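What follows is a single chain, given as structure tokens, in the form predicted on its own.
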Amino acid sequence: MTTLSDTSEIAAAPILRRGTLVLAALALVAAVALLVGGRYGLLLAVGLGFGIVLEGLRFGFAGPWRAMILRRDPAGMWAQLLAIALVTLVALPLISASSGELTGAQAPVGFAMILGAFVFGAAMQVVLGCGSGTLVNAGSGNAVSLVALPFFAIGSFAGAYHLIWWTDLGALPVIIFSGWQGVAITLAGLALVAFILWKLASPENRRLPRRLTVAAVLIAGLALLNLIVAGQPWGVVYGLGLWVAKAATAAGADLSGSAFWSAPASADRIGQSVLTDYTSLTNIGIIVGAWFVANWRNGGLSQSLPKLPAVAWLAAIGAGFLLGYSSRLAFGCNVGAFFSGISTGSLHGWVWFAAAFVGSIYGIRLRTLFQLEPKP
């Protein structure tokens, strides 16, 4: 027989567990701040915020693109465009007035960039996760993403290792839209894309849920905080490759054959603590933040191991590697190239968006082919 005392203890258990989670998160941020400095602790907190919002409010990139392609549901993509617009309004004037203290996500448009974005778009639909999405899904216990993530990191390292060879194939000069003129151009482009999505959408899907509006505002705020604290936009891919570069160097590998990893800036970061690398800190925060939400909701990682054939697991491994490799060629993923590239005025962000979206159309078909989901 259950007594009143037993009922009280059951009711109190979630409160105690959630209180412990909050204290653990605060302790983690405080520990990083004490070990390496307040700026780094704050960046970890920003990463935790990204992870909590992305998982808690189900804000993503790969899934909304899939929803638009398959169901003509643009809500998730509208939320992405809204977040980018909010960042643009603040980031472009801020960068123009910063005298070099703040930098944008700037990159040239070239053969390797376009090819990389196309491949990334396809691969992210195979594992249903982009750069941030793979981190979030892994943190919340998704088995496919847990398999893909280490190969994503290896691919990022390999792509950076070969990057100069690829960029030597040719590229246009870096084209930047700056200041208030850049704001006007970028907002006009975002409005045009939003209108096209509205025209293509099913009538019943022509609305933006409050959840996604709130998520877009929070993501924009966190992205701006990342820019101000780190001096650079939100990114994902570099940090993953750096982890493998550090591991390879610790194992005795010689990276002098790579112009990228032997460059002074990269060599310095390889030799320093991972806790002083901005992108690594936000990546760690995203994983832990997603784990935090999963435990807050369920008291643990409740996602069961899917029953998939061997070809599906091999596809997850291959797609994970291609996500990392192609995103280095494309100068970023949905975060570093699409989100941060467009919001800080770089033309390559727009080209990345177009190439990756086309790639996603083919990637959805590959997901069925590799038996990651049943045929419709």
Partner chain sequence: MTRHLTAAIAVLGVATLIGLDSLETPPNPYKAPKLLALGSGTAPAGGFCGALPDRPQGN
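Being a predicted model, the structure only gives us computed values, none of them experimental. Positions refer to the first chain, counted from 1.
Another form exists, predicted together with its partner chain; not displayed. Remarks below refer to it.
Asker: Which of these stretches, 191-199, 139-147, 78-86, 112-120, has heavy atoms within 4.5 Å of its partner chain in the model of the complex?
Answerer: Among the candidates, contact is made by 139-147.
Asker: Work out which of A215, I154, L163, L128 lies within 4.5 Å of its partner chain in the model of the complex, going by heavy atoms.
Answerer: The option sitting close enough to the partner is L163.
Asker: Heavy atom within 4.5 Å of its partner chain in the model of the complex: which of A245, V293, L222, I284?
Answerer: Only one listed residue qualifies here, and that residue is I284.
Asker: Applying a 4.5 Å heavy atom distance criterion, does Q181 contact its partner chain in the model of the complex?
Answerer: No, Q181 is distant from the partner.
Asker: Taking any heavy atom pair closer than or equal to 4.5 Å as contact, tell me whether I228 reaches its partner chain in the model of the complex.
Answerer: Yes, contact at 4.5 Å.
Asker: Could you confirm whether F177 comes within 4.5 Å of its partner chain in the model of the complex, counting heavy atoms only?
Answerer: Residue-level check for F177: no, no contact with its partner chain.
Asker: So in the model of the complex, does E101 come within 4.5 Å of its partner chain, heavy atom to heavy atom?
Answerer: Within the cut-off, so yes.
Asker: Using heavy atoms only and a 4.5 Å cut-off, decide whether all three of L42, T167 and G332 touch its partner chain in the model of the complex.
Answerer: Judged in the model of the complex, L42, T167 and G332 all sit within 4.5 Å of its partner chain.
Asker: Within 219-237, which residues have a heavy atom closer than or equal to 4.5 Å from its partner chain in the model of the complex?
Answerer: Sequence-ordered list: I228, V229, A230, G231, Q232, P233, W234, G235, V236, V237.
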